[in-house]
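First, one chain by itself in structure tokens, the form predicted alone.
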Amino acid sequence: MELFDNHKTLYSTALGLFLILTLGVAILPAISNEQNNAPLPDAPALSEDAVKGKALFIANGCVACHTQQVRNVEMDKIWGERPGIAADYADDHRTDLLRNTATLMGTERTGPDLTNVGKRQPSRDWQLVHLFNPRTVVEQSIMPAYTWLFDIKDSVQEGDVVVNVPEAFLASPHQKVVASREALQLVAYLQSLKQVKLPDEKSPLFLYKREKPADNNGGAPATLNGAELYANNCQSCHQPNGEGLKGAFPPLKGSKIVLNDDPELMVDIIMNGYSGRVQEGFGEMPAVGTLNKLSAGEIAAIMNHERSSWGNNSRKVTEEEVKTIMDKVKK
């Protein structure tokens, strides 16, 4: 065949086919994506520190264990308020001239999804102590400690950001852990990860809803386990013993809010969060009840667990009581 006998014709044909395939497979779909998937109107731009923190997130291999994608399945509801859509990633750009956009959606969840971690856990204090040694806040954590992002000092200077690390995790009780600039930048990036509300308020649906288990009591719903719910929603800050972390997260043990006969304030804090003790050095509490979509029954179970475990208030808070308060304090 003449095509194979003439090298100029052969190479020209091969080049032409390559260009046509590149146009059809890469360039035209990319243009279509840009036209059809603009960034969401309320999506904020990353701050300078957050941009540098994103580079540190990539450099330290965080994407190997953490995803940033909320799938449209019921089990992913704990990670975001809605399933992810293409527009959530439309504002990602090339890292630089030689490197393409870093894909941070991830493929494996050895650790939790981080799509909405800026809302789920906004406290800088929690993020810093967790980076220094995850076992300080989650005893069973298998995440490595990023100690190289911190400096150990015997005395602090003006401007140092001191991390409230429990003495059990320090070589000496006199040591002070100070966050480096890189640690603060990485936390700034984590705090920026917040799901943006859709402009038309019509979110994609979560599929494959899980049925609530039933016990043998005439088919009635199974009794909620307050201790388990506390472990899943509260324990990483307030600790298994309810004593919190000194200088970072206040104790629930003996708390007047926990033991108060009127549960309204406590339900309000669970549903709407609390930052009233930030000036005392404590971290900001997120709106756990709203973010984790806790039901009135689940909140009542958590409150009763706390009241019976770390106080002498034996009065049980009822689901109906909590439901009434939730409607009252809803924002």
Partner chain sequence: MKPHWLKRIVLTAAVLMVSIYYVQAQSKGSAFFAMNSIAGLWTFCLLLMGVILLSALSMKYRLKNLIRSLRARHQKPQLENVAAYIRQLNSHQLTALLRIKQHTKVKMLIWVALGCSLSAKALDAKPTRLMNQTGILITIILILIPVLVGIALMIFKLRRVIGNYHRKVYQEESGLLATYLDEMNDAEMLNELLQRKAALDYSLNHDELAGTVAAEDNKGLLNEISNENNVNFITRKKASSSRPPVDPALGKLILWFLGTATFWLLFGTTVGEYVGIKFVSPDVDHLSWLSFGRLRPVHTNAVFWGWASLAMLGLGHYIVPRVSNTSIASLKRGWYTLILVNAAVVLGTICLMAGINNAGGEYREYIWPVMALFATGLCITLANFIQTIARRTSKEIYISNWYIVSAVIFAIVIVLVAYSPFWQDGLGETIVQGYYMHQGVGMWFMLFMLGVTYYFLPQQLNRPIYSYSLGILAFWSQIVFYTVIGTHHFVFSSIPWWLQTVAIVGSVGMLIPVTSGTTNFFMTFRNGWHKLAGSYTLPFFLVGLVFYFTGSMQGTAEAFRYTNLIWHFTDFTVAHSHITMYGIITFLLWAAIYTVVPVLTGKEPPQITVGIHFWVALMGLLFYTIPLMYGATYRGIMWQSGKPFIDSVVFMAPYWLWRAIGGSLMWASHIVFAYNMYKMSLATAAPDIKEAALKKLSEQYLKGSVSSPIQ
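Residue numbers count along the first chain shown, from 1. Small disclaimer: the values here were computed from a predicted structure and weren't measured. Just so we're on the same page, rigid core means the largest C-alpha set that superposes within 1.5 Å between forms.
Here the subject shifts to the form predicted in complex with its partner chain, a form of this protein not shown in this document.
- In the predicted bound form, none of the heavy atoms of K202 sits within 4.5 Å of a heavy atom of its partner chain.
- Using a 4.5 angstroms threshold between heavy atoms, G61 counts as touching its partner chain in the predicted bound form.
- Contact between N100 and its partner chain in the predicted bound form is found at the 4.5 Å heavy atom cutoff.
- For the chain shown alone, K246 is not a contact residue for its partner chain in the predicted bound form, no non-hydrogen atom being within 4.5 angstroms.
- With the partner omitted here, the stretch from 121-129, 183-191, 86-94, 248-256 that lies within 4.5 Å of its partner chain by heavy atoms in the predicted bound form is 86-94.
- T147 is the sole member of T147, Q175, N260, N241 with a non-hydrogen atom lying within 4.5 angstroms of its partner chain in the predicted bound form.
- Taking a 4.5 Å heavy atom cutoff to its partner chain in the predicted bound form, the contact residue among V156, I152, V138, A168 is V138.
- In the predicted bound form, the residues of 11-50 lying within 4.5 Å of its partner chain by at least one heavy atom are, in order, Y11, T13, A14, L15, L17, F18, L19, L21, T22, G24, V25, A26, I27, P29, A30, I31, N33, E34.
- Annotation: Cα of A59 displaced by less than 2 Å between this form and the one not shown, core superposition.
- Once both forms are fitted on their core, the CA shift for P44 between this form and the one not shown remains under 2 Å.
- Core-superposed comparison between this form and the one not shown: the Cα of Y230 travels 2 Å or more.
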